[in-house]
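Here you get one chain, nothing else, as structure tokens; it is the form predicted alone.
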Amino acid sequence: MKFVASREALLKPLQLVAGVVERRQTLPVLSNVLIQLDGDQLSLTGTDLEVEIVGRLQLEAAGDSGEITVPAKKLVDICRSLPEGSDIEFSLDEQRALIRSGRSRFTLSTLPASDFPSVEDSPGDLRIECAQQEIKRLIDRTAFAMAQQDVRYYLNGMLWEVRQGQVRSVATDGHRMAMCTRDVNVDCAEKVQAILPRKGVLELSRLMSEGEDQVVIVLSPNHIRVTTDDYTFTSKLVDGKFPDYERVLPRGGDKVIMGPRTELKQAFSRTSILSNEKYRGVRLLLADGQLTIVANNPEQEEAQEEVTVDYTGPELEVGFNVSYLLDVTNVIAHENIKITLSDANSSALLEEPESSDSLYVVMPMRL
């Protein structure tokens, strides 16, 4: 096996593929990247048995075909440390991988490609084709609300729901929820749900671009497979029942506040400095035309901010975790934000004022 590739062409897919690889593995081959060459087509594969990414690269000249696995992190570090614009020559000498570039020469240990596991390929039931930017938006708008290391393991991922003509992503950690719905050309008679694990969501987000480039998604009962021109991403799905998120959506809120997103974000950020470090609670005091945000902590310190908002109606006092409010103001792009409340014990519904594809629910706190 032998080939030559430019540093830049090799480094990009290598970094993305190596991102999946776990350093501390029970199987030594799982800390390796699988390199396969067929003529001038080079493919790089990394997996942790849950998520698998295959990066494809067209070489300028055909090499000697073959396949081998080499340590992923070491290979990335070598390629990264070489000067820009350099060419990398990769070859096999008995059971060692030789990497040459200019005056540099590296010898890496290898393991046979036959030891490398592949995520099983089950036939897909549902196929979706859309622009990469749609998938990126679905993830970017909701990923922050996924739980981290929750015992309810299905909350440590993201629900993907496919209906006729649309795809929806939902994430919740039990205290707040984020939901985004995009119109996509998909033929699906019945609602299909799949829970993508947290690591799969984060890796998929790195692969998706903001452009119109097409992506093909195939959903099977246990796996999701996402294919672009340069990559194939496969992930196992979480086996569990996601909560009925539609029951969480607050209905009948009669207090509607319109406020400037940037001002609210800055006010939340400043009051959070003096909020209780553990509970992060702030009080929102709502009156005609004004929202007052108050934070206290056990040291008897207090922060208070006043923001002019578009609101007329009865006064209301309600407590929230300020981090959750900040997360929403960070992902919403519109200059204004719409907050709907009903009373001090009900969740707040946050969204963009018009034609919003995203909804955010934040549960109140007792302060």
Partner chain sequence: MRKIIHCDADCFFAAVEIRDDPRLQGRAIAVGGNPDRRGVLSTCNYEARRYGIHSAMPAAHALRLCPDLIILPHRMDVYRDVSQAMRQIFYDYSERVEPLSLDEAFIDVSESEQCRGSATLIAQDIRARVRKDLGISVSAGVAPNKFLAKIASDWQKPDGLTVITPAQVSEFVARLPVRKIHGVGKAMAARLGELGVTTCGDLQHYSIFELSERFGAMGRRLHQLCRGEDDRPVNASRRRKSLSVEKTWSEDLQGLESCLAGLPRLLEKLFARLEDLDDDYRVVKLFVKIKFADFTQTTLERAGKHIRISAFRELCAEAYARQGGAVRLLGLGVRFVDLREDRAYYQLPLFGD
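Quick caveat: nothing in here was measured; it's all calculated off a predicted structure. Positions refer to the first chain, counted from 1.
Although it is not shown, the form predicted in complex with its partner chain is what the next lines describe.
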Based on heavy atom distances of at most 4.5 Å to its partner chain in the model of the complex, which listed stretch, 41-49, 329-337, 55-63, 298-306, is the contact stretch? 298-306
Just one of G174, G124, P260, G102 has a heavy atom within 4.5 Å of its partner chain in the model of the complex. Which one? G174
Candidate from S342, Q36, N321, S31 lying within 4.5 Å of its partner chain in the model of the complex - any heavy atom: N321
In the model of the complex, V248 touching its partner chain (heavy atom, 4.5 Å): yes
Answer for V282 alone: is it within 4.5 Å of its partner chain in the model of the complex, judged on heavy atom distances? yes
Check L367 for me: does it contact its partner chain in the model of the complex (non-hydrogen atoms, 4.5 angstroms)? yes
Quick one: does A5 come within 4.5 Å of its partner chain in the model of the complex, counting heavy atoms only? no
